[in-house]
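In the block that follows, a single chain appears as structure tokens, in the form predicted alone.
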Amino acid sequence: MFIRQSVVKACQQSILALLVSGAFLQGATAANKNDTAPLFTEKELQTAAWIRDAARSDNLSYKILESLTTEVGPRMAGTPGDARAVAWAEAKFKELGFDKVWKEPVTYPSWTRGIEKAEIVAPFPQPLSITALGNSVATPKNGLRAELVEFANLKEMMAAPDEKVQGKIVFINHRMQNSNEYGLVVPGRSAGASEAARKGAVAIVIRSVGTDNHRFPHTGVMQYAPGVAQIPAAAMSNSDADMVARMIKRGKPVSLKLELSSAAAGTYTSYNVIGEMTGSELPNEYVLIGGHLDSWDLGTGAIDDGAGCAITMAAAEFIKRNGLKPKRSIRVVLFANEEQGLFGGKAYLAAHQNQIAQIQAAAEADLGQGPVTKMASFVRTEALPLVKQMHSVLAPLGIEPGDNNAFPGPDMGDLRMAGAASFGLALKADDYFDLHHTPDDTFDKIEPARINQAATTYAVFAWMAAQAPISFGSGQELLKAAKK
């Protein structure tokens, strides 16, 4: 095994300290002392501990992300930035020494943003900071003007009488307090337009789905329900939402003028870009990691999801560069167009649906730069002792153990539903929704220590999963076991 001299000393010191104390190996094996299930060997545990310690200061995640955000920048699906990102990813995989690099086509409907303007025209004229929501239709050419009607959330709007909404612009003022509330707030963005249209609204403007108080709006995708009129949809900054709410409280009708020129732009074909480090004994089985390559167009997609791409590329690169050769392959997939409908993930499943059993473990990085705070699993019972050993190695990074009902990430969710063994490496997201889908999602927000810890975690996870002495399970057997 080849390991660069610059890190051999650190490796030796780390292993020596662990062996002297005895804490590491005892912690990794004590829970399974009387079990007969196969376990990682002491040598494998030592190697995993070395990866954990050495990769924290010697992985390329920060540099890879700097390259993506500087050389490509915004890469909204279906735009020239999308094509530049695909070319960048293919070239970067080759530069990083991946054994195999290829592309798989992903076709989807594209959309353009165009002009986006809004202003309060009465009773207190002021411009607003707004952005069109993904897939929104345009307003009439010179915009539209109507009175605002405010609702605290989507549920309240749906319960309102139609006459309260008829001919007005719906304003959903649903404040997101923290990252845990995303699932509660986002339905107003995704389904609000159609629900407002059912009641006769002429447009909808929502409070941005984000936790910041800055004057920039958060974009994001929305969908129109079949058979319902399509009305323009936009989001305003949270600070503007506060201002508009204060205006409405004064008791006078508040009128807004909205102008959008967004529109569908036909069918577009992009690619999932894939790099693989080939396994030494079971090359057709693989650990699947990755993130989504596309971003929204307002920022440069550093947090969402350039970080996920960089974290997983760097993890595999570290393993290869240091001469580590796990039994199974490690495959990194940079998925196309996650933002507008998980198109890359769906295309990957369609292309590989007969090969689910070849996936040893799947885990996607798509919640910012880290650090990783918890590791959950979705594996067969016989593999749980191995998961415990993995937790023991990762614990010094501040990572807690999770349950055995893990969700691997948005693009890999359908793979899990098809029976792929999966892991959930939870990323700290307390500031993620301050930047999510905004112009402020830029490289200067990246903290090297945070992204390095995340890449290190993925390197340890990927190597141990690829080196595991048994399969983590797959298919209906795994799905049935998970229901017990």
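Start at 1 with the first residue shown and count on from there. Remember, predicted model here, so these are calculated numbers, not experimental data.
What comes next is about the form predicted in complex with another copy of the chain, which does not appear here.
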> Thinking of another copy of the chain in the predicted complex, which stretch from 401 to 409, 196 to 204, 122 to 130, 339 to 347 has heavy atoms inside 4.5 Å of it?
Replying inline: 122 to 130
> Even though another copy of the chain is not shown here, does residue 453 get within 4.5 Å of it in the predicted complex, heavy atoms only?
Replying inline: no
> Is there a heavy atom of residue 214 no more than 4.5 Å from a heavy atom of another copy of the chain in the predicted complex?
Replying inline: yes
> Would residue 392 count as a contact of another copy of the chain in the predicted complex, using a 4.5 angstroms cut-off between non-hydrogen atoms?
Replying inline: no
> So in the predicted complex, does residue 250 come within 4.5 Å of another copy of the chain, heavy atom to heavy atom?
Replying inline: yes
>> I need to confirm a contact call. Of 239, 153, 358, 179, which residue comes within 4.5 Å of another copy of the chain in the predicted complex, counting heavy atoms only?
In response: 239
> Just one of 397, 96, 137, 298 has a heavy atom within 4.5 angstroms of another copy of the chain in the predicted complex, so which one?
Replying inline: 298
> Which residues from 66 to 84 come close to another copy of the chain in the predicted complex, meaning a heavy atom within 4.5 Å?
Replying inline: 66, 67, 69, 70, 71, 72, 73, 74, 84
